[in-house]
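So this first bit is one chain, no partners, the form predicted alone, shown in structure tokens.
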Amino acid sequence: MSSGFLDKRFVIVAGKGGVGKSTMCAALGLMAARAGKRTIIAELNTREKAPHFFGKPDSGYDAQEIWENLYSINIQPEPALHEYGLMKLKFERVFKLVFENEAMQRLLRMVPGMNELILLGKAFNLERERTRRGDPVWDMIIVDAPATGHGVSLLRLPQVVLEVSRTGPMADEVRAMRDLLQDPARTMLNLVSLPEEMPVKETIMLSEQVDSILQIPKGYLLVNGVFPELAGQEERALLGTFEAATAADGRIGRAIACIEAMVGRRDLQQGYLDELARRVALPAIEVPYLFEREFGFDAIDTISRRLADAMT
């Protein structure tokens, strides 16, 4: 499976909100950049996170280099539509005549999922952008997908559009998007979870939907925030003995209580890790919980190296 990630050009990172998708995107992007891939992280009309991990300001719609060989962009509907319109119509004046009249504006607002389709279309266009020599502008595009339910709806849009319209320029564009999403040679979807009840349930559901509805090739299951294994049975028995022998010292007692709480947390997480192993048929990578006061580049670097070790 190690050949999977670095050989892909269109990498999607999906999961429940709050599980660390943006963190994984940044870590995977850093890994790809270090491997010599000119990489861009595409966030979709959201509060930006990728550039901040690298100490950079918001990227906005214009791609910004946030680390050597690594870029980020925040794709937004209006500039994406403007860019697409100019690409097809060639002239700003013609674009304004077609897209900036009131009738067209009302139509765009009325069509369900139009903004999402525009966002996905821009991400798709990043994959097919070429230099004047015909080389790809980007070796890898990493898409930070919306949270589970919204993410499934977004990634299913090309299928939905083709069920309604199978001919014409729009259908051709959407068909190309669908073909990219379902192409195992170019595309990989990675799932992100936490070893907690609700994220695990949503990850299992998402995995099933990817197979049955989206049909996007899957890569890895990235389980974020896993506590270290601090003590086995023998060490736990020694902790109990030590606690009894030092009961008079409150500081030692508090330290032992802290260790026991961490051991208990790991025990709880292990049950969820076992459930993911049973229910999600993907190679799983456990990403350690980082006890950091500030979560910046050093944390992303640590996670990136952990992912690289696990994938190779």
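Note that the structure is predicted; figures quoted are calculated from it, not measured. When you see a residue number, it is the position in the sequence shown, counting from 1.
This next part talks about the form predicted together with a small molecule, which is not shown.
Although the partner is absent here, residue 225 sits close enough that one of its heavy atoms falls within 4.5 Å of the small molecule in the predicted complex.
The small molecule in the predicted complex comes within 4.5 Å of a heavy atom belonging to residue 289.
At the 4.5 Å threshold, heavy atoms of residue 49 reach the small molecule in the predicted complex. Taking non-hydrogen atoms only, residue 22 approaches the small molecule to within 4.5 angstroms in the predicted complex. Looking at 280-288, 64-72, 27-35, 257-265, the stretch with residues near the small molecule in the predicted complex, meaning non-hydrogen atoms within 4.5 angstroms, turns out to be 280-288.
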